[in-house]
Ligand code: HEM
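One chain follows as C-alpha cells, the form predicted alone.
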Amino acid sequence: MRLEDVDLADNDKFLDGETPWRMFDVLRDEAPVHWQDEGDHGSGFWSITRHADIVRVDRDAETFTSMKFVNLEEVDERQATIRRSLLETDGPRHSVLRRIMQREFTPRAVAGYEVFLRGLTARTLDAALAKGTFDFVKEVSADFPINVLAKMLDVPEDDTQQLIDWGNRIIGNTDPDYADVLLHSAESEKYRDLPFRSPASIEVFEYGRELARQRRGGDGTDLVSKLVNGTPSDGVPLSPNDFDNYFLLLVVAGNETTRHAISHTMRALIDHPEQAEKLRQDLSLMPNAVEEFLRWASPVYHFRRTATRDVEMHGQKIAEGDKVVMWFGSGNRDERVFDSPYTFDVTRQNNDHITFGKGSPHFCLGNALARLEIRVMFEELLPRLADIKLAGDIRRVRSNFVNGIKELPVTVTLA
C-alpha cells in the first residue's frame, strides 16, 4: 500500500479486516504523524500511529484534551455541554466522576464476580454448544458480557437483548445494518444533541431515568444506586445530563468492547489451533494469554484528543484546535515494541499493549472486569472443545472506531 492510498476516515476500508492494518503499517513507517483529510465529514485530523507517541498523547491531557470530545465528530460548545460524559471530561472533575465507580471496578471488587461468571459462562456455553453450528457472536460473545452488566445494574435478564440492541444501534452509527440514522446523513442533524447522534440514546436515557426513580433514596449497591445516591467528592451533585450520559456510557462501554475482544480471540484461536492447544494443555497460561488476546483484538481502533496549543511531533506542526487521533490498534502492532507483532502468541512475555490506554487519566475503568470475563470465558470454553471451525463468512462492523465482528459462524465438535 502507498501512503497516498491511506484513508483512515473511510469506514468502508475497515470492512475487510486487513486494509486497516496495512494502512497502519504504512503510517508507522513513513508518516507516524499524518494529516488525514475528512472531506465533507470534518476538518481533518492528525493520525498518531506509533506506540510511544500514542502513550505520550494519552498521558498529556494538558496539551491533548478530551474536553472537545473523543470521537471524530466535531461538536460545538452547546452540544459538548449537553453530551459530555466521563470520557469527555479532564482535570479534577474527571477524577471526581471516575471515583464514583472506581471501587466497583477494582481487581478486588470484580474478583467477587468470578463464581457468578463461571456459572453464567457454563449456562451460555451449554445453550450455544448444543446447537453444533451457530453464530458465536450472537450466542456467546454478545450474550455473556451483557448478562454481567445486567447483574451490576440489577436489571432483569429479560432486558439483556434490549441492552444489546441499544449498544449496536449507538456504537454502530456508521453501519447501515445497525444504525437508525447514519452519522453523516442529513437526518442525523435532528439528533445532533444526542450521544453518537443516535435516537437509541433517548431510549437508554428513559430506561436509566426509570431505574434512577426506583432506586433513589434506597440502600442498593448496584451501579445505578451508586450514581443516584452517592455524593461526588467535590460536593457537586450529578446533573440530570450527567446521570444520563454516565448511565449510557456504562451500558455501551460495559458491553461492546468485551464482546468484540471475545469474538476476535475466538477467531484467532480458530486460525491458530496450536495456540488453542497450548492453552487446553495448560490453563495456567491463561492470565498471560489474556494480555495477548487484548493486544490482538484491539476492540477500539481509536480515541481522539484536541490540541490545546501548537505542538510539534516528528517534524509536523500540530496547531491549537487540531484533532489528534490515537490509533490504539496500530500501537498494538508496532514493531518497535512487539517482536513479530503479527504473530499471535499466547506465551508472549512483557506484553506492553495499549488496549486500555497506558498511564493515562482515561485508563479504562473496567479493565479488571474485562480481563476476568475473557479469562473465565476461555478457561471454561476450551476444555469443552475437540474442534471448532468457521462455518461461513465473517461479517464486520462498518466502523473506524470499534473493531467489531457482527457475525462469526462456527461449527464445534465437543470433547
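Please read these numbers as outputs of a predicted model, since none were measured by experiment. All residue numbers are counted from 1 along the displayed sequence.
The form predicted in complex with protoporphyrin IX containing FE is left out here; the points below concern that form.
- Can you check 307-315, 227-235, 135-143, 83-91 and let me know which stretch has heavy atoms within 4.5 Å of protoporphyrin IX containing FE in the predicted complex? Only one stretch passes the 4.5 Å heavy-atom test: 83-91.
- Query: Which one, Q36, S360, T65, N351, lies within 4.5 Å of protoporphyrin IX containing FE in the predicted complex by heavy atoms?
  - Reply: Of Q36, S360, T65, N351, the residue with a heavy atom within 4.5 Å of protoporphyrin IX containing FE in the predicted complex is S360.
- Only one of L269, L149, I100, L163 comes within 4.5 Å of protoporphyrin IX containing FE in the predicted complex by heavy atoms, so just point that one out. The residue from L269, L149, I100, L163 that makes the contact is L149.
- Message: I'd like to know whether V55 contacts protoporphyrin IX containing FE in the predicted complex, with contact meaning heavy atoms within 4.5 angstroms.
- Response: No, V55 is distant from the partner.
- F356 near protoporphyrin IX containing FE in the predicted complex, any heavy atom under 4.5 Å? Taking the distances in the predicted complex, the answer for F356 is yes, it comes within 4.5 Å of protoporphyrin IX containing FE.
- Task: With heavy atoms only and a cut-off of 4.5 Å, decide whether A370 touches protoporphyrin IX containing FE in the predicted complex.
- Result: Yes, A370 sits close enough to protoporphyrin IX containing FE in the predicted complex that at least one of its heavy atoms falls within 4.5 Å.
- Message: Is T257 near protoporphyrin IX containing FE? Define near as a heavy atom within 4.5 Å, in the predicted complex.
- Response: Contact check for T257: yes, within 4.5 Å of protoporphyrin IX containing FE in the predicted complex.
- Task: Answer yes or no: in the predicted complex, does protoporphyrin IX containing FE come within 4.5 Å of a heavy atom in every one of A261, F328 and L365?
- Result: So, yes: the whole triplet contacts protoporphyrin IX containing FE.
- Between 222-250 and protoporphyrin IX containing FE in the predicted complex, list the residues on our side with a heavy atom within 4.5 Å. Stretch hits, in order: L249, L250.
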